[in-house]
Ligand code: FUL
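Next up: a single chain in structure tokens, the form predicted on its own.
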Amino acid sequence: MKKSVALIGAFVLSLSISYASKAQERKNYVFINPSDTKEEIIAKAARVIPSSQQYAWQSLEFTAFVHFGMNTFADVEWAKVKASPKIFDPKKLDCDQWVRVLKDAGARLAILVAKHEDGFCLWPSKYTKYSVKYSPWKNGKGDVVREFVNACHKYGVKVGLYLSPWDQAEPTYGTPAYNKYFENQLTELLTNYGRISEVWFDGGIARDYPKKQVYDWQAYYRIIRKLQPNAVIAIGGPDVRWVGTESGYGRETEWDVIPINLAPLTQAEAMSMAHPLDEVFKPHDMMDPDLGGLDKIEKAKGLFWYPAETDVTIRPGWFYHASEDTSVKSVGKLVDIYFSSVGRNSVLLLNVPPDKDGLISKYDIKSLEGFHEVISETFRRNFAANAEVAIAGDKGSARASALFGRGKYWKGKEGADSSSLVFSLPSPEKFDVAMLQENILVGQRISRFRIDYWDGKGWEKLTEGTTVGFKRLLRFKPVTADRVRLVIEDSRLTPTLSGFGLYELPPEYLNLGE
């Protein structure tokens, strides 16, 4: 018996690899040489890994957006004219309430729109008179950014800030001088408010606007890396990309490793730089249905780790409008969005806009509370947590709890791009949700899989999918079974698995609707 236990212990130990030792060998980008074969390109793609900042960000899974500013008080989505600072006066503003509501909903990071495209600043910037300093709110002594950051720190929520590159109020916009103005404001935000975990830029595209600005993106990135080295630069930056839609629905096939043109740099130059991607990256739309498939990476000059953020607003608009109080997304819709964003290898960014009083409305709170209840109840119990796992080609089995969690993960046989794992549950269970996770710290690899269940006579297909990445969630008609088989049909190099789960949605969810 002792010998058997020792063998199982050795087996489990062999499945666990230290990220620290591998991090020295791999980076979040790779050059593709003209002479590289198809097999060599696939192998290179499989070994690209996230930076430590990117991995920390992807682990958040669910984050929140807070659109609040001049548009809230002008009751518009997009400013057409410069509104007077005199209309900005949130008499009951309570950032503690914002952050409590967002944290209670499950958000682990919150991003405040510190300046939208109208140019109005929610902090008393010394570089403009278009800010809270010139509003009646707190007699010009207020600072929304400060109160927001303090609330996030108080409740243990990470801080993100959005600073719009497009600025309709600043006279220098459209000239080289604007870049310095923008850099000054960026420096204010990244110097005076403690640790910032995400800096969010849109592409700065001023559609139907007479002034056009050439943005100095590389200068912006250098400021962020210097002042907030642990922050990710999102959307208009090289760390996090826009999923390509504001619906809340990500791709069925979502690769984190996608093409980039590294040609302006040599490999030697890149190796000598702390952030080589910053020097070649320019914001661009990425809306194809499959960004990192084989047909895309085969033509690439380089590849980099560029995970997706899926943004959506809880209301029709991004800013609060009283007329939309009856149009807040339902609990069922929010749950569906969660499965279609977090469940498709992306981070959900849900916008919840405060009203003119400076409070999140009761309508939004009701939907958020219901959403959190469903998600919490669904993932309260993993029926596969104590399963015995038999792996094709291996003798014996191991408990799922010994294979996954606390830095452990399963790795297939070296050189094999497919595998099969059978999970035997302690007893028959009813379930309708499956969860898979790869160990992305060694790369994203799985490209096709299916899940079968034993119906008492044979294996029946339950569901199937393509990419996994950090997390993949699948829903299906409820089944009751005590054996489930995960078949990894294709993978870039040896597949890995850092988590597997079977869950049941609460029965009342079926009546929530969308």
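Here the structure is a predicted model, which means the values were calculated and not measured. Numbers for residues come from their place in the sequence shown, where the first is 1.
Although it is not shown, the form predicted together with the ligand is what the next lines describe.
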If you check in the predicted bound form, is Trp200 within 4.5 Å of the ligand, heavy atoms only?
yes
Please tell me whether any heavy atom belonging to His116 falls inside 4.5 Å of a heavy atom of the ligand, as the geometry stands in the predicted bound form.
yes
Is it the case that Asp432, even though its partner is missing from this view, gets within 4.5 Å of the ligand in the predicted bound form, heavy atoms only?
no
Is Glu246 one of the residues lying within 4.5 Å of the ligand in the predicted bound form, judged by heavy atom distances?
yes
Which of Gly140, Gly174, Gly332, Gly204 has a heavy atom within 4.5 Å of the ligand in the predicted bound form?
Gly204
Give me the residue from Phe379, Tyr134, Tyr181, Trp78 that has a heavy atom within 4.5 Å of the ligand in the predicted bound form.
Trp78
Pick from 463-471, 484-492, 31-39, 65-73: which stretch has a heavy atom within 4.5 Å of the ligand in the predicted bound form?
65-73
Residues Tyr162, Asp311 and Trp318 are flagged as a possible site; in the predicted bound form, is every one of them within 4.5 Å of the ligand by some non-hydrogen atom?
yes
